[in-house]
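Single chain ahead, by itself, as structure tokens, in the form predicted alone.
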Amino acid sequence: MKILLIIGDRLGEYDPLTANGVTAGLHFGDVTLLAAGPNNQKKAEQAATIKGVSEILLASHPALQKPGVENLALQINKLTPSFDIIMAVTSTFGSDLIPRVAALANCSPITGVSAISKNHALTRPINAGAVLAQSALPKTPVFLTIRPTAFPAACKTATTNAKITVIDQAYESNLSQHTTYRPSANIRPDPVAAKVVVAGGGGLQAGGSFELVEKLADRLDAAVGASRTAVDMGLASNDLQIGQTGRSIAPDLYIGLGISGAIQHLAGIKDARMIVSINSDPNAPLHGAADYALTADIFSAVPELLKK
């Protein structure tokens, strides 16, 4: 089968999670990448050394170097007959792009794929991760988004083996216009890429702030995350939300402070290698999912942890 993987875009720059998408794509066959959007030449160069990539399509037309996905979706639609599978990693960019391309082809995308079997059966979580659905690969073309935390990053080679082919045609849409990027005030590591994540939940409401989470995160050089409850309470910003309606993470260590562990949140941390829960409620669902669970008041336990 022929696979087209769209190189991820993160605020106009190359998304390293593209390498995780390559690993998923190699389950089906040779992977061709498409580099588009801002810094497309740089994106192609950064991806060219990923092992398993046979070719990179470089979208050189100015219309395809703009931020946004409308023009890119139209271009990919013209490429669809040449590929069996069109895919991207599950991210803000990929989740915006793939459904648009699928709609143009009058197909329904399969989103959030977390496993691919030898016979190409696709597994993805549904019902907030409470159920795993398995689907047989439908007739081609197939449009997928891949949960990057479920697949290891493909390794890089010392030399560039991928052939770069320039695409100088574009199909323009005036549906929207990108104005600017406005980074959030978060100066800590990105939770998706971080090795350690400290997250806070509704149990922090008694303290009136996220300061306890931030202090522990800074001590551990960790990223900060939050449950939806903490976000809804105004304790944390939306970009920190982890879970089904937030971001999925796969750190080496996840520490949940005052998080009960709703099923939507557990769906976002299921790929963490070690889970630690600190909560005064012994029946908190996060305790049941944790490798280490401490039943204690976070406002007493965390300061003691910081001292040590």
Partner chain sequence: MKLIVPIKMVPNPTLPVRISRDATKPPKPDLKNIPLVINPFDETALEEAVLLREAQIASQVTVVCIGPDSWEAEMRTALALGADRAVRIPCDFQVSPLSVAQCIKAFSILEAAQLIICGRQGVDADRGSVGPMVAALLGWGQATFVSQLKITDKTATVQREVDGGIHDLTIPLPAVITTDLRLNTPRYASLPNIMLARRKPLEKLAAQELGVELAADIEVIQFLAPPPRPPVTRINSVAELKTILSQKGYLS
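These numbers were taken from a predicted model, which means no experiment stands behind them. The term rigid core refers to the most C-alpha atoms you can superpose between the two forms while keeping them within 1.5 Å. Numbering follows the first chain given and starts at 1.
Below, we turn to the form predicted in complex with the partner chain, even though it does not appear here.
Exercise. Thinking of the partner chain in the model of the complex, which stretch from 214-222, 201-209, 152-160, 79-87 has heavy atoms inside 4.5 Å of it?
Worked result: Selected range: 214-222.
Exercise. Looking in the model of the complex, any heavy atom of residue 270 within 4.5 Å of the partner chain?
Worked result: Contact with the partner chain, yes.
Exercise. Can any non-hydrogen atom of residue 239 be found within 4.5 angstroms of the partner chain in the model of the complex?
Worked result: Result yes; residue 239 sits at the interface with the partner chain in the model of the complex.
Exercise. Counting only non-hydrogen atoms and a 4.5 angstroms cut-off, does residue 19 reach the partner chain in the model of the complex?
Worked result: No, residue 19 sits far enough from the partner chain in the model of the complex that none of its heavy atoms falls within 4.5 Å.
Exercise. Even though the partner chain is not shown here, does residue 30 get within 4.5 Å of it in the model of the complex, heavy atoms only?
Worked result: Output for residue 30 is no: heavy atoms all beyond 4.5 Å of the partner chain.
Exercise. If you look in the model of the complex, which residues in 237-262 sit within 4.5 Å of the partner chain (heavy atoms)?
Worked result: Residues within 4.5 Å: 238, 239, 241, 244, 245, 247, 252, 253, 255.
Exercise. Once the two forms are fit on the core, has residue 281 moved its CA by at least 2 Å between the shown form and the other one?
Worked result: Yes; that C-alpha moves by at least 2 Å between the shown form and the other one.
Problem set entry | Yes/no, residue 163 Cα shift of 2 Å or more between the shown form and the other one with rigid core fixed | After core superposition, the C-alpha of residue 163 moves less than 2 Å between the shown form and the other one.
Exercise. Taking the rigid core as reference, does residue 298 move its C-alpha 2 Å or further between the shown form and the other one?
Worked result: Yes, the C-alpha position differs by at least 2 Å between the shown form and the other one.
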